[in-house]
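There is one chain below, alone, in structure tokens, taken in the form predicted on its own.
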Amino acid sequence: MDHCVYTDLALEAHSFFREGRRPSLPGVEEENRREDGCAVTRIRIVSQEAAQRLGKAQGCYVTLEAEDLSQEGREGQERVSSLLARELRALMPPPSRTAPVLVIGLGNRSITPDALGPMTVDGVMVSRHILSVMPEGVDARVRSLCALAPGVLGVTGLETAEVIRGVMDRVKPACVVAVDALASRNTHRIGNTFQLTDTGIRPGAGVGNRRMELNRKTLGAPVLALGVPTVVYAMTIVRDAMLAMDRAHDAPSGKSEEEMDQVVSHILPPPLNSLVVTPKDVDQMVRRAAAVLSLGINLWAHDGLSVEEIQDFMH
């Protein structure tokens, strides 16, 4: 990727490329709309050259930018989950009753900004074990779901992809849904932006801890990746503060985002320029985001069940 601050969001990578350069990047198709109070952006990377320039794999990326979820009540969060489920269906049809879906919660449960995946798994409506012993006693709309939070290499000594492949050999899922915390270039997107993609995921990429990729090639099944930004680089915060000061004094610098990053990189020497930070209310933020993700996955997989029916099943 051309720029010095990493982002997991294809929306931001494409926006950065367009900043001060050209209207669009050949090989990238972008659609924008608003629905249910969210800004929905669909980016499709169709060429290998564009994929290399953006640092993203070829495929489809859908970004849902919600309002501040901390100010939304239960109804607002369920509305985002319903939209998330509809976008998941557009990327991949709901699973059949016999072919299971494997939901993977990536990350470290003991580190709150990295606990999004495991916390999402906690809210997934798993049903494979029930369908295997008494399918006739379960609502026909319930599909086969199983879930796993494999932990991280530093805790388990096992590469995440190795654990997942071992489970897949036994379960043979029709598809994998991988959930992980992301990194953003924009502080306003922390905790409120959801990215869905059919390209798979590389765990830990957002904080420079790249592990083996999880995608159709490495796992042998389609992989949907879902994530929410929970951290930003300190460079991003300093850059945003400088831009805010310019606006407050009505004296815009005229510098592009890339030029601003270069200025900030001189202001923040190593290792501060690689510092990643998260909001002080990260506990509540991650819980909210995980609840939205898990309900969205449940509504997508168990197509036709209502929110109330899913909640009754879970309790």
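We call the rigid core the largest set of C-alpha positions that still match within 1.5 Å between the two forms. Numbering starts at 1 and follows the sequence shown. The structure presented is a predicted model; accordingly, all values stated were derived computationally and were not measured.
Keep in mind that the form predicted together with another copy of the chain is missing from the display, and what follows is about it.
Participant: Is there any non-hydrogen atom of Asp139 lying within 4.5 Å of another copy of the chain in the model of the complex?
Facilitator: Taking the distances in the model of the complex, the answer for Asp139 is no, it never comes within 4.5 Å of another copy of the chain.
Participant: Does any part of Gly166 reach within 4.5 Å of another copy of the chain in the model of the complex? Heavy atoms only, please.
Facilitator: Flag for Gly166 set to yes.
Participant: Spell out, yes or no, whether the shortest heavy atom distance between Gly55 and another copy of the chain in the model of the complex is within 4.5 Å.
Facilitator: Gly55 lies outside the contact set for another copy of the chain.
Participant: Given that the partner is absent here, does Val46 sit within 4.5 Å of another copy of the chain in the model of the complex, heavy atoms only?
Facilitator: No, Val46 is distant from the partner.
Participant: Can you check 90 to 98, 126 to 134, 220 to 228, 192 to 200 and let me know which stretch has heavy atoms within 4.5 Å of another copy of the chain in the model of the complex?
Facilitator: The contacting stretch is 126 to 134.
Participant: Taking another copy of the chain in the model of the complex as the reference, which of Ala174, Met212, Ala85, Leu153 has a non-hydrogen atom within 4.5 Å?
Facilitator: That would be Leu153.
Participant: Going by heavy atoms, what in 273 to 300 lies within 4.5 angstroms of another copy of the chain in the model of the complex?
Facilitator: If the 4.5 Å heavy-atom criterion is applied to another copy of the chain in the model of the complex, 273 to 300 yields Asn273, Ser274, Leu275, Val276, Val277, Thr278, Pro279, Lys280, Asp281, Asp283.
Participant: Quick check: Ser274 between this form and the one not shown - does its CA shift reach 2 Å or more after fitting the rigid core?
Facilitator: It does, since the Ser274 C-alpha is displaced 2 Å or more between this form and the one not shown after the core fit.
Participant: Using a rigid core alignment, state whether the CA of Ala50 is displaced by 2 Å or more between this form and the one not shown.
Facilitator: After core superposition, the C-alpha of Ala50 moves less than 2 Å between this form and the one not shown.
Participant: Aligned on the rigid core, do the two forms place the Cα of Val264 2 Å or more apart, comparing between this form and the one not shown?
Facilitator: It does, since the Val264 C-alpha is displaced 2 Å or more between this form and the one not shown after the core fit.
Participant: Based on a C-alpha change of 3 angstroms or more, tell me if Asn273 and Asp114 lie closer or farther in the model of the complex than in the shown form.
Facilitator: Relative to the shown form, the pair is closer.
Participant: How does the CA gap of His188 and Val264 change in the model of the complex versus this form, closer or farther, if it moves 3 angstroms or more?
Facilitator: Compared with this form, His188 and Val264 lie farther apart in the model of the complex.
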